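One chain comes next, on its own, written out as structure tokens in the form predicted alone.
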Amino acid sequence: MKNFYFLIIILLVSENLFAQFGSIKGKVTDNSNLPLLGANIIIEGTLIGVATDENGFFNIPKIKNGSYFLTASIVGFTKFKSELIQINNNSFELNIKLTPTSYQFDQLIISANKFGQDLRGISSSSYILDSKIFAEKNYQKVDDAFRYVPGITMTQDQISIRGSSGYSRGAGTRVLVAIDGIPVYTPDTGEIIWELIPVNEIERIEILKGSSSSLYGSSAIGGIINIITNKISTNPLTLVKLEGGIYSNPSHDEWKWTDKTLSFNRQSISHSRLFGNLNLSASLSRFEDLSYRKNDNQIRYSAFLKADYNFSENTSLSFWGTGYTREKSTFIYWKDLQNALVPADADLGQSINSDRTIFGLKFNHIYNENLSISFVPSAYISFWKDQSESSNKSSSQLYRNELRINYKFSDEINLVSGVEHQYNKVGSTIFGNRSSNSFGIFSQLDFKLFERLNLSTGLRYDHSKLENLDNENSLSPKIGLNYKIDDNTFIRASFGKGFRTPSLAEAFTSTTTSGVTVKPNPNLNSESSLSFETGINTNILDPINIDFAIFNNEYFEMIEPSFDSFGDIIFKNLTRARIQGFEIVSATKLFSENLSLKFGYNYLWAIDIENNEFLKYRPKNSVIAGIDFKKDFVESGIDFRYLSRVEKIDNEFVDLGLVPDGDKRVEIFVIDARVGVNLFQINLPGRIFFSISNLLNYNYVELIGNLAPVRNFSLSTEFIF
């Protein structure tokens, strides 16, 4: 890890201090040569960009000498990408003509079928998050953004897509999260550590809703989130970002536990450049949070490195690695409602130290225009130690290898096949000395049956062995259809089987923390699901786009934490569950893109069939809405989210006296607001944004005994050199 950080530091300090500059200017028009106002002009791989004026003109000055690609985009037109532009103390002029297209349909999505595919052609519901939100909304972690995605709920740091998950105390996940296609769940607990994902290095996030086990295997039973990292700039670029904020006083005086001003801050620097055929990008960041709660502070140092090397036009090697070292105090549950921001006395002074690192490689070779092969090895190294009464610690490693072959028979037929092996090894006071092996082989065929009808069909076989438990074998088929009614309307349907093997933590955890004892269950079996959805995407009043979907998911032997007769927690194959509902998502841009509106509603009916009761931690109704407005260089926005009061929680925590007042919960109303200046619009390389989270200082919980963050104010500045 030290060598990793040292390499990054060497890269960062080698800045070119004597760069020279040029500019790119031009005009953007439509097919009728009419100027387009508000088209976004971006230098690819950077945040440098401007918008066209009322006459369609743009001008990007002070560009360092080098080679660049330029992109131009505006809603209703196909995205434009230029040929390579050489800047050498000159002014380059480029006139761009954009072709009209259907709203929002010029995007590619990789995650659906492991190759780039038009968003219109896939058979599952999807959603794309743009990296712009992380620059404007001052999010500290990537999961903060998911609270404003239709159909996604967060119970603290555990994610659920369309009710696939409740809360399992950090053990296992039913949503596969990946960076550039490589899964990032921990080797021991199988959870997602969101702090490992560098928010400054995100190009976009692809979200697929519904089971995708036919391609991705275990853990994709509820959906996929694939985080695509930024392309490396071929020219020396340095980004410096500084953020700081403070928490408001709590809304009740009895909750105020200190007279100090509680604050948080983050500093980060990243740099990218080209060395011959080697492109390098690296970043370092430091984050400190004094927290609005007592004994909840943390300090974290993070690093990210990405490299691309082209051996030839057809052969390339890509590498990325991310890691952090963190010291965090432990806040598990509040003391009681009168002391909602103070932990139980037994937890005071407890903390966890953790070091986590992930490395991923991708070797890609193109044999010809039809055939390509990729080899993708990765490693996840994790260590943590706490100061609880049990002095738990865990050292674990996960090694994964994937060989993937893509064969394109024609423009209408594409086949993706591959094999995958994964090995986990854990040495821990809480899980024991354990190992697990899994092997998977998959194949998926996508082809046009007719001019307007796309068919996708796939099958995956998985074999897994968890320590001394019985072997698990699973077949995961999937079939999907997408039919294009006309240029504005597409209908889709998909049906598939999913599965998930238990994590080492779910099967073997044995510990006592904060008065709660967790027992192992070596008889735990894999869970499985049958998923169906159908939907339609249409423009009813251009440019208003609406997506509507109905879904039904049947779960068998669902793994849930529960209390036994001794009041201890144990993971069991507890539930035969049915989760069904519908979802509406709409978005539009008005007044030459100056005003953007979005809306999403999700209705969920999540039932434990055997016991005829609602599943824990799943809200029936959830709503998100957002307004963005920009005029010249000023940008602002308001986001709103609502979740109905969850029907059921772990009442045993309350009945056994483990969490006093733990049954206190309400429906959730949260409003965030922001305003900022995009200095790129006035030819200065920076942005400044002010944000208010939880504007109304609304008091609510996502998890029993945990009050959500109180109102906080933050200011971020970022500049590119």
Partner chain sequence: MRALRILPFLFLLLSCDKGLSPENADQKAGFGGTVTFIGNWNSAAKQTYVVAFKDPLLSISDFSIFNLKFVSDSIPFGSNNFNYSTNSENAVLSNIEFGDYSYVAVAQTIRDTLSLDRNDWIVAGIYTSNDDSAQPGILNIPQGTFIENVNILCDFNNPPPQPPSEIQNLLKSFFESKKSDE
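Positions refer to the first chain, counted from 1. This one's a predicted model, so the numbers in the text were calculated from it and none came from an experiment.
The same protein also exists as the form predicted in complex with its partner chain; that form is not shown, yet it is the one meant from here on.
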{"property": "Non-hydrogen atom contact V654 with its partner chain in the predicted complex at 4.5 angstroms", "result": "yes"}
{"property": "Contact test in the predicted complex: Y247 vs its partner chain, heavy atoms, 4.5 Å", "result": "no"}
{"property": "4.5 Å heavy atom contact, D53 to its partner chain in the predicted complex", "result": "no"}
{"property": "Residue contact check: E254 to its partner chain in the predicted complex, 4.5 Å heavy atom", "result": "yes"}
{"property": "Among 314-322, 333-341, 190-198, 360-368, the region lying within 4.5 Å of its partner chain in the predicted complex by heavy atom distance", "result": "333-341"}
{"property": "Among the candidates I441, V240, I638, I299, the residue which, in the predicted complex, approaches its partner chain to within 4.5 Å (heavy atoms)", "result": "I638"}
{"property": "Members of 698-717 lying within 4.5 angstroms of its partner chain, judged by heavy atom, in the predicted complex", "result": "Y698, N699, Y700, V701, L707"}
